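Alright, here's a single protein chain in two forms, structure 1 and structure 2, each given by itself as structure tokens.
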Structure 1
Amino acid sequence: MIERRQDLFRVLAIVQGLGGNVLPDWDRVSDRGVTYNARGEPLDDRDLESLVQSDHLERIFMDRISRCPWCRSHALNMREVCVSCKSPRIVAVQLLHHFRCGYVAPEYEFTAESDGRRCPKCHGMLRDRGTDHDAPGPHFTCQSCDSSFQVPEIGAVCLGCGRQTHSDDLQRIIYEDVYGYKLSPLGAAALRAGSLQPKQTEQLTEFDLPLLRRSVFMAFLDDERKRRRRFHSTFNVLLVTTEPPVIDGAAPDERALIETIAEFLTETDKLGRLDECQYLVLLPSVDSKTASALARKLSSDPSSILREWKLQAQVVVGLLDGAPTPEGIAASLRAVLADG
């Protein structure tokens, strides 16, 4: 167990050595189709995922890989096919519509002449698109079965086992998301402390601070949302943003800040981290009026430490309603901050 933790700490250090993040490399001969490399040395993606589970790393979405539902190979050739016979032998054709007689046909049926095209139905001329004719929209015809359609289907052929996948079976294609990884604030703190956060599975807070680890905080938040759906209970969330004061040489004392914020909270309130210098406060059974009052109190508190950190608090519970997952919540809050 201790060895495993040391291994993971080493991986974390490697990520830091790479500039704080590691990105995937495409690799078609590997099992997954991607590998992670640190200056030629491969990193095991299971280690990286394990560090995500313990909040030391965060995922960055990169891409999505599709795998054959029959043999799981990632060498899946996806292409547009005929809606009827599933043949990929389809061609896009340009349709023309002659206003005068309503005739609709592929462009090649209208014979080209010096001053336009001649309509095979009424023998009138098509001279100016938009005035006497137009193109009704994209269109495909199948050279295998002569079917014509506007939206081709997607079909897949596996280069590993040769089997075709289309129509209803398309839902069985296995999609796998590919991530890059970056150091989280907790990961950076762990590197400064010289070891991974102890007892990672049981520990709820970051080191000894009254600050819940992000995954723990998100779990509490999720519980509150479920409770509200079932019992119509109320809760609120504050977003607290700060700017670390510039003190020459020394690192700013985050511990003092967090302990000060915690003094404003009751024992049922929960303080968690969104990102570096950004925190969330979960206020169960608190209505929006009380929550706003608390936000104002925090933002305008005269105590020196909060002033130094230029602390700002706002009620954000309404912004979370659309986001179904903890990742979604974090993303939507970051979007607010970026706008803000």
Structure 2
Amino acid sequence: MIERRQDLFRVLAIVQGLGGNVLPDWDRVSDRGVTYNARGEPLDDRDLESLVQSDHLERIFMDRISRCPWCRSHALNMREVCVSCKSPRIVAVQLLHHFRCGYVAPEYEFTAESDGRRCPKCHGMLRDRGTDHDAPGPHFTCQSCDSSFQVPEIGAVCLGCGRQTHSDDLQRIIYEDVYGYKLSPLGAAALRAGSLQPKQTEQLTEFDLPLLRRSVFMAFLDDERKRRRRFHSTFNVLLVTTEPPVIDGAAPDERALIETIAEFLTETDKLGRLDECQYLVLLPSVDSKTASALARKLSSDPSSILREWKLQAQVVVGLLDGAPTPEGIAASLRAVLADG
């Protein structure tokens, strides 16, 4: 166990040396389709995920990979196919619509002449698009079975096992999210402390502060969301934003800030971290009026520590209903801050 913690601490230090984040590199020969490298040294994504679970790293959504439902290969070739025979041997042809006789056909059926095209049905001339004819859009023809259709289907063929997945089975394709990783405030604190101690990965709070680890807070939040859906209970969430003061060029100690915020809360309220300068307060069984009053009280309190950190609080519970994951919640909240 000690050796495992040392290995994870080494990975954490590598991420710090990369500027605080590590991004995936696309790798077509890798089983996963991506690799994580630190100046030529490969990083195991299982180690990165372990550090996410302990809140020492945070995920950054990068992309999504499609995998073959038969062999899980990422080498899927997605292409348009014929609606009848499923062949990818289809071509797009431009249609023309002659207003005078109403004839609609591929452009090549209208004979090209020096002053326009001649309609094969009424033999009239098509000279001015929009006046005597129009082009309603492309049409598709299959060169394998001669079928004609307006919208082709989507199909996939695996370059690994050769199996085909047709439109009726596309829901069987496996989708896997690809993440980058960035150093969290807890990870930075562990690096300053010089090691990953057992209690850092086992306890619910960050060190001995009354501040829940990010994943722990999100679990409590998810429980409240489920309770509201089932029992129609009430809860609210405050977003607390701060701006760390610069004191003689040194990073400020947030301990006094956290302890001061905690003094405003009851024993059932929960304070957790969103990111380095933002926190969330979960208020179970608290209505919006009471939550708004608490937000105003925090924002206007004369305490010197709150003024130094330029603390502002706002009610944000309504923003969380459509963001079930920690990453989704964080993205929703950050989007609101950016719009503001």
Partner chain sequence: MVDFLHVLGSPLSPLVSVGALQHWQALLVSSNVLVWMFIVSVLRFDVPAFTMWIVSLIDSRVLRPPGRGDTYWPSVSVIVAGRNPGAAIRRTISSVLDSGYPRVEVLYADDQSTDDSVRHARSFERSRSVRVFASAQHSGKPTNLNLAILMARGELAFVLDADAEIEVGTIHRLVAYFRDPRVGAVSANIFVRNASCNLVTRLQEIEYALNGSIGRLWHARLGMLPILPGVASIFRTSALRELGGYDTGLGDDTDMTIRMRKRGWRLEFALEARIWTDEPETMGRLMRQRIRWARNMVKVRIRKHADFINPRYGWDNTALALDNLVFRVTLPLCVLFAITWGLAVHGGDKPVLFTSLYFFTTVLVFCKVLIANDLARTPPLFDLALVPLYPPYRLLVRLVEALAILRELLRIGLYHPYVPRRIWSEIPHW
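As the structure is a prediction and not an experimental result, all values here were calculated from the model. Basically, rigid core = biggest C-alpha set you can superpose within 1.5 Å across the two forms. Here, residue number means position along structure 1's sequence, counting from 1.
Here the chain appears twice, and structure 1 is the form predicted together with the partner chain.
In a rigid-core overlay of the protein, S285 has its C-alpha displaced by under 2 Å between structure 1 and structure 2.
In this overlay on the rigid core, E263 has a C-alpha that sits less than 2 Å away from its partner position between structure 1 and structure 2. Core-superposed comparison between structure 1 and structure 2: the C-alpha position of R67 differs by no less than 2 Å. Fit the two forms on the rigid core and the C-alpha of D169 turns out 2.8 Å off between structure 1 and structure 2.
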